[in-house]
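Shown here is one chain on its own, the form predicted on its own, set out as structure tokens.
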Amino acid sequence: MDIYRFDKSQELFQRAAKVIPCGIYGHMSPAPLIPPTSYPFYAVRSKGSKFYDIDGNEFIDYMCAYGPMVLGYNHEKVDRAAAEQYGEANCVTAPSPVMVDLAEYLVDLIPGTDWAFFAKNGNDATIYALMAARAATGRKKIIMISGGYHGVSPWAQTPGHHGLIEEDYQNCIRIPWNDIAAFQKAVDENSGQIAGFIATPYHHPNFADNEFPKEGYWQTISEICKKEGIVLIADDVRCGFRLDMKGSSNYFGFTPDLICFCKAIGNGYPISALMGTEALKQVVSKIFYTGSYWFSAAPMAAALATLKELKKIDGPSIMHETGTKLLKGLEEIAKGHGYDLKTSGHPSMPYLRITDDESLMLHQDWCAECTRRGAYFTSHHNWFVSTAHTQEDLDRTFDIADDAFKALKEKYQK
């Protein structure tokens, strides 16, 4: 099996490092890609489930741009809707009618919501949700889950990151996931001070197994929030529309006060949304919150087309089926080579790790070997499955995984 080289990626990165902080910054930085010499840094083309790097290598993409790609790269219907809107008007002095169309569609789609507010990034939606909770309650404190991710705002980052000061997160209370007693304790110890509770519908941290909510978890949390006047915020940025077209809260059987969407909502076009209940509409409307490109119409047209297509084809079911096949196949291949590959989370966005080495170095090596052969895996983050991944992709992935395990076995002489 051919082993890819990434000479041009490495050369371009050296140029980038001279004029761009970190060369490539943020979540797509080479830092978590270990070893970085086994990964492509720059993509020049994409289509369907694949992208092609600057060195001409083809990859079956199981990161899906870290989530935004859900129907496949360069999806014809989505791109056509965006192109038609670009041809009429995009970023103008007044918003486009498509903004109303999209809001109406979402309100009809997501149970328990009465309005939608649009921005660009998931971070935009979580900030606004935090502001809304504080404005609605007149309180300061927010309860969060340890290891949970809600964007790069100072309040959302864990202490110790560069550029933060203690005041940034002094009103944030972090508790363990799936621990109702810890939640109740935080509420009791801060009686009348908790503005909101923000969490993802299920726990999907980096470098750790993902966990579904325990039976009754969300129902009990919802009851406590309602009793205490706490705004319940579901951060559905990452898994929204991958588990359930009606939102992941519907999948797990609870109704939040606010829901944050992004990632899959526009199949790669820059758009996010905060949705909420009628009870919060008036207070939210009083908060000044805007952005230079938030009324951009083409991404809204793309989002409307994306959601309609996902609903038409029952995208969540397709991704669940494909993801289940992927995980079962990889687990069997690993077992055949004497390794234990543990999978967790939802099949549409699973987290994997080889349990034979607690340091994760073994798993990092396997992901790198797979990537060098054409299946783009990362070792630190959950993967993503799209409706564009085919059985042919899976069969090719299984061949790659098998060959990568052979290389691993030879390296570690197992």
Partner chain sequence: MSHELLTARLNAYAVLKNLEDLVVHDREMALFTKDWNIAIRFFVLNGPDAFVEFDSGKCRVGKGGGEKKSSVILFFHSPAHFNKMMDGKASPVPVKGFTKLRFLTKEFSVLTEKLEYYLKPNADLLADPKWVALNTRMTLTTAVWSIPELAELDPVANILSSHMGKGSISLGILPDGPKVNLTVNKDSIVPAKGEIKAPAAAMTMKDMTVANDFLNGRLDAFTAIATGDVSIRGQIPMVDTLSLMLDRIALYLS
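Not measured: the values here are computed from a predicted model. Positions refer to the first chain, counted from 1.
Not pictured, yet referred to below: the form predicted together with the partner chain.
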Triplet 36, 207 and 364 all within 4.5 Å of the partner chain in the predicted complex via a heavy atom: yes
Sole residue of 159, 138, 216, 111 within 4.5 Å of the partner chain in the predicted complex, by heavy atom: 159
Proximity to the partner chain in the predicted complex (heavy atom, within 4.5 Å), stretch among 355-363, 341-349, 381-389, 62-70: 355-363
Exercise: residue 41 in contact with the partner chain in the predicted complex, heavy atom 4.5 Å: yes
Close approach of residue 4 to the partner chain in the predicted complex, 4.5 Å, heavy atom: no
Distance check, residue 29 to the partner chain in the predicted complex, heavy atom within 4.5 Å: yes
Proximity of residue 169 to the partner chain in the predicted complex, heavy atoms at 4.5 Å: yes
The partner chain in the predicted complex - contacting residues of 7-26, heavy atom within 4.5 Å: 10, 13, 14, 17, 22, 23
